[in-house]
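There is one chain below, alone, in structure tokens, taken in the form predicted on its own.
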């Protein structure tokens, strides 16, 4: 029982963080058609903010507050300085954001060095769940992730901004003709997607090594989650994240990490080949 329960809990924790990262990608890609190759670096910067906040004595809560603010502001700068000039040019967005990701990684290396950093756990306690014990901090991360995911769905399903954003996704030219400020909606959405990546990085920082290359480990699975679940549906992010993140996390308990990644890639290829729109893509939301 314990041998199965603990890997399942670890997989769920990984899946929820991956869904947060993929939601940011989905918001940015769904609204603007921007394939943001620097999204993993925004996640990484959120983790570094948590590390620095604890080193500077601001504390864990301070880092959790600062991460989405700082990364969201960085997202605003990126959108104003770069992305707004290349909307609806997918190849250009790939090249531009790929170059940006390299620049951000090098900036982090120059600032903090290439070695891995670490953020201490805010508390190191375990709680009993049935017949096994599990770290309380991981449970808190899972709860915070679920809350943030629910908030994202509420914003896009129940608010005026969400209605406007969904209109821009479905009919961008018609929305602009009808008077919606599409530029402002795009800018707000890019900042929100960046802030999601930042807070995801801050949440996970105390449980992993924080280094300049860590973003790639979440960027690729994040894109795979979109493709597997379905790019056109917010709910597809949850399905894709569960399929990609859950299978990858569970497989590493029985086979090597490299072999598990190969299996996940093959699984994603099969799903995309059989369902080009994703597992639930193309359905009405």
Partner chain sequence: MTLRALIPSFTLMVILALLPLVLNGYWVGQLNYYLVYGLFALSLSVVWGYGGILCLGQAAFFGIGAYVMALVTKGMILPDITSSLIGILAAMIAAVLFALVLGFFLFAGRGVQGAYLAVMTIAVTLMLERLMSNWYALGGYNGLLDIPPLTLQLGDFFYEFWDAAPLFYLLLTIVFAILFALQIFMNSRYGLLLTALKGNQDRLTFFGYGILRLKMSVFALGAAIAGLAGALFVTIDGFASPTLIGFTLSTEVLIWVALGGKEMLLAAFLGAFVTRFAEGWLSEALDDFWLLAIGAIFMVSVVLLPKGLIATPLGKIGEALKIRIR
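Positions refer to the first chain, counted from 1. Keep in mind the model is a prediction, meaning the values are calculated, not measured.
Omitted from view is the form predicted together with its partner chain, to which the following refers.
By the criterion of a heavy atom within 4.5 Å, residue 96 is counted among the residues contacting its partner chain in the predicted bound form. Interface residue remark: residue 231 is counted as part of the site for its partner chain in the predicted bound form, having a heavy atom within 4.5 Å. A residue is said to contact a partner when one of its heavy atoms sits within 4.5 Å of a partner heavy atom; residue 35 meets this definition for its partner chain in the predicted bound form. Using a 4.5 Å cutoff between non-hydrogen atoms, residue 65 does not count as a contact of its partner chain in the predicted bound form. Not one of 48, 61 and 192 places a heavy atom within 4.5 Å of its partner chain in the predicted bound form. Here the chain stands alone, but in the predicted bound form its contact with its partner chain, taken as any heavy atom within 4.5 Å, falls in 253 to 261 among 253 to 261, 52 to 60, 65 to 73, 237 to 245. Note on the partner interface in the predicted bound form: the residue among 107, 155, 116, 121 having a heavy atom within 4.5 angstroms of its partner chain is 107.
Residues of 247 to 280 lying near its partner chain in the predicted bound form, listed in sequence order, are 258, 261, 262, 265, 266, 269, 270, 272, 273, 276, the criterion being any heavy atom within 4.5 Å.
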